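The form predicted alone is given below as one chain in structure tokens.
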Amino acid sequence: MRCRVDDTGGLGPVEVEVGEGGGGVTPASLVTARAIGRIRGQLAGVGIDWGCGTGLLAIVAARIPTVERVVALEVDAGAVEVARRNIARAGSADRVVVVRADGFVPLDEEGRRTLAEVEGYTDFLVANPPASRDGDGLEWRRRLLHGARRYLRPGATVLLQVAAHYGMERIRTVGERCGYRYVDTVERSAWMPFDFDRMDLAEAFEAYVAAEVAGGPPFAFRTPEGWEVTASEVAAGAGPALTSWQAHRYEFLG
């Protein structure tokens, strides 16, 4: 199955094959793709697409004239092959290389050489990570920000998808302990229902409630009437939970 993404923030439509291992093109993917186009003047040189899935974000970033190279990282072998086909079909194979890696750990020698070449010289990173099933749901993002420090140069731009329901306290501070400064919210979707039919989101929601019960900051869902409600209140029947998928910009301070 193929999916056409028309709004990439002015960088032209992209058609991608959707593979089972790489997941689909979600509302979070669409927001992050648009955000790349919105800040294309801030993206140049060498970039990393962490957890590239279909390769959509890497393709969009590679269309920016000032971008020289994008290293796309993906752990799932099937998704790696799908991403490579999508990148070739988009005409971006000369500027995007897909590396099979577990986080930032390459799983073959060629991948190790590729990442070694950009260590300390990466100008930007884009990522639309999944929610983690432990902690408050942001553990994947904390791990990727920590792991990226080895590759980013000081002043590098990081474009990270973090949905509104995490609350601005978490969004602003997610990278503070490992050298990142929050800059701004680049792009956001309309408020839309949190999809409890998606197993990954349903499991993440359980982590949100547990994090609140443990004394963490409240989450920030909305009701259709516009009231802000916590994850615990939603679990107790406060009504349909809405969220906004968002892409945020951070600066790596070194």
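Each residue number is its position in the shown sequence, starting from 1. Keep in mind the model is a prediction, meaning the values are calculated, not measured.
The form predicted together with a small molecule is left out here; the points below concern that form.
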I'd like to know whether W50 contacts the small molecule in the predicted complex, with contact meaning heavy atoms within 4.5 angstroms. yes
D76 within 4.5 Å of the small molecule in the predicted complex, heavy atoms: yes
Exercise: A163 in contact with the small molecule in the predicted complex, heavy atom 4.5 Å: no
Would N128 sit within 4.5 Å of the small molecule in the predicted complex, counting heavy atoms only? yes
Within 4.5 Å of the small molecule in the predicted complex, counting heavy atoms only, one of 128-136, 148-156, 89-97, 173-181 shows up; tell me which. 128-136
